[in-house]
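Take a look at this single chain, the form predicted alone, given in structure tokens.
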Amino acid sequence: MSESLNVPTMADFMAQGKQPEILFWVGSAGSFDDRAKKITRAFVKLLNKANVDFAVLGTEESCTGDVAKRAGNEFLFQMQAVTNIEVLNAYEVKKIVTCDPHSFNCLKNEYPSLGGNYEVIHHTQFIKQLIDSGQLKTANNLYKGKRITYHDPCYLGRANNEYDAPRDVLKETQANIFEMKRHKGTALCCGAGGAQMFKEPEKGDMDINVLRTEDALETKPDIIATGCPYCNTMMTDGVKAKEKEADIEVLDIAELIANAQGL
């Protein structure tokens, strides 16, 4: 699959004395998690289809440090951040797009105080720009009439007030979009934020991801749409816990649009 994808690095561009339009920040999940890699591939297919001039850092990209910061290790966060900023500034990066709201929030809101000032865009915002500009044509009828509910990632929604772009992009699929009763500003976390992804939950009546999945199931969806690799994992696990994996797919918005484009 990956052979057909065109993924140049910043080093490739620098060797040619050129600068890409955007840097695609892949993020740790999108680089190493097998499920999240599919989201990365789907987004790259869309970038290729729209003829976007982009590059990745490749092996020069390191974790943003977000998880370390949320877990309370400010020292490790700053070490990670400063190292990344040195690389980004050496390449004179101006515009960054990422599929991970955690990276998005960290690069956008926490890197500037350490000397990293960039225009940072979430992939759903960028896909909307590509559709609005005509670089990506309206999708085919693959999902027409399907029931989709969208789960708001905390770091995209409440932390950065972006609720419209993902929903505008989903409308392009011609699916029927149903909102969970807790959505937008009142959306419930999937349970992975704040470094909770990497530890067992505290004792209680129910795991948060199962509770959030119950919110989604109330809309009787064919598909739960996400805009974050962590949310994707947590909602997928929730669907499995409810033994609904045969009936309900959990897909990132990039995957939905790529599939609907026949990519």
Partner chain sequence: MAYLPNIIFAIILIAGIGYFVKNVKTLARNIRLGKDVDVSDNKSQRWKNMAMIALGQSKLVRRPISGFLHVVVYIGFIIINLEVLEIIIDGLFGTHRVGLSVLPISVYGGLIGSFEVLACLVFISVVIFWIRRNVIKLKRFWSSEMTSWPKNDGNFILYFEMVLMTLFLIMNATDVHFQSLDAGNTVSQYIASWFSDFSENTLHIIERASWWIHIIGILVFLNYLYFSKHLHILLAFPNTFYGKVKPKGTLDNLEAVTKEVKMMMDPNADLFAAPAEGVEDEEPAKFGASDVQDLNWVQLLNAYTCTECGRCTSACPANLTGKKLSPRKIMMDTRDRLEEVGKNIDANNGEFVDDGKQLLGDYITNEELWACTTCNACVEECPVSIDPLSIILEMRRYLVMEQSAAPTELNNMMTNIENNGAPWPYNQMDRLNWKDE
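Positions refer to the first chain, counted from 1. Predicted, not measured: the structure shown is a model, and the values here were computed from it.
The next section is about a form of this same protein that is not shown, the form predicted together with the partner chain.
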Q.
I'd like to know whether residue 91 contacts the partner chain in the predicted bound form, with contact meaning heavy atoms within 4.5 angstroms.
A. no
(Q) Taking the partner chain as it sits in the predicted bound form, is residue 216 in contact with it (heavy atom to heavy atom, 4.5 Å or less)? (A) no
Q: Examine residue 70 and determine whether its closest non-hydrogen atom to the partner chain in the predicted bound form is within 4.5 angstroms.
A: yes
Q.
Whether residue 75 contacts the partner chain in the predicted bound form should be assessed with a 4.5 Å heavy atom distance threshold; does it?
A. yes
Q) Of the listed stretches (132 to 140, 116 to 124, 167 to 175, 153 to 161), which one has a non-hydrogen atom within 4.5 Å of the partner chain in the predicted bound form? A) 153 to 161
Q: Select from the listed residues 189, 148, 96, 180 the one whose heavy atoms reach within 4.5 Å of the partner chain in the predicted bound form.
A: 189
Q: For the stretch 176 to 206, return the residues whose heavy atoms include at least one within 4.5 Å of the partner chain in the predicted bound form, in the order they occur.
A: 182, 185, 186, 188, 189, 191, 193, 194, 195, 196, 198, 199, 200, 201, 202, 203, 204, 205, 206
